[in-house]
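Next up is one chain by itself, shown in structure tokens, the form predicted on its own.
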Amino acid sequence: MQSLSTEDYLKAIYHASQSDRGTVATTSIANKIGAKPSSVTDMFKKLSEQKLVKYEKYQGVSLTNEGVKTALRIVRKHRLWESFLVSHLNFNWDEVHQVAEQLEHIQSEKLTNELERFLDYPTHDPHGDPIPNRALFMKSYNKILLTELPLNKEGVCIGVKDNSPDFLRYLDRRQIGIGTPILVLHRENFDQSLHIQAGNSTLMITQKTAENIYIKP
């Protein structure tokens, strides 16, 4: 059984590795979880002894195969709980992350599997992120950022890069969510802001906003 702190570290390394595409720096994890670099280094050494990571001093850390499996089990629980909270307990998508952070540490594999069955085997959570199945396989879509969607080409919002409550509430106020059709009407040369049609609304969004919305063309 993994301790809570160990699980948090493994999940943080996993998420960081998805964007870094390689070895993850100590400072990256320290900033992500709000810990001192020295404490992070100590944990890396412990995880290395448990064969969950490969750690080299001054080089950073990467997950072993067993480390990846352990991280994916945590991600699986987190995203299933987020799905349950939204679909059955009337939580909004901007409210579920912190609650799921607590629930993901429940160790019962039977509970996780029964939760998945109760939800009818969802493949994606409320933010559009893929949910690992029992075999830890994740179904993913071909996706692009809204900034990459050509003019007069329609796509559908299938996820967000930034899932912070502030950004999700920002999208809610603009009636943009998972499944919203989006059409790019015009791109401003000055600042690359976009005039879009989102559902039945026409609005302008900043480049920063567009860089955090995933689209399926």
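In case it trips you up, residue 1 is the first one in the sequence shown, and so on. None of the values given here were measured: they were computed from a predicted structure.
Beyond what is shown, the protein has a form predicted together with another copy of the chain; the following relates to that form.
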Ile131 near another copy of the chain in the predicted bound form, any heavy atom under 4.5 Å? no
In the predicted bound form, does His105 come within 4.5 Å of another copy of the chain, counting heavy atoms only? yes
Please tell me whether any heavy atom belonging to Phe91 falls inside 4.5 Å of a heavy atom of another copy of the chain, as the geometry stands in the predicted bound form. yes
So in the predicted bound form, does Leu85 come within 4.5 Å of another copy of the chain, heavy atom to heavy atom? yes
Would another copy of the chain in the predicted bound form be within 4.5 angstroms of a non-hydrogen atom of every residue among Glu148, Asp166 and Arg169? no
Among 96-104, 68-76, 122-130, 136-144, which stretch has residues with heavy atoms no more than 4.5 Å from another copy of the chain in the predicted bound form? 96-104
Sequence order please: the residues of 162-185 with a heavy atom within 4.5 Å of another copy of the chain in the predicted bound form. none
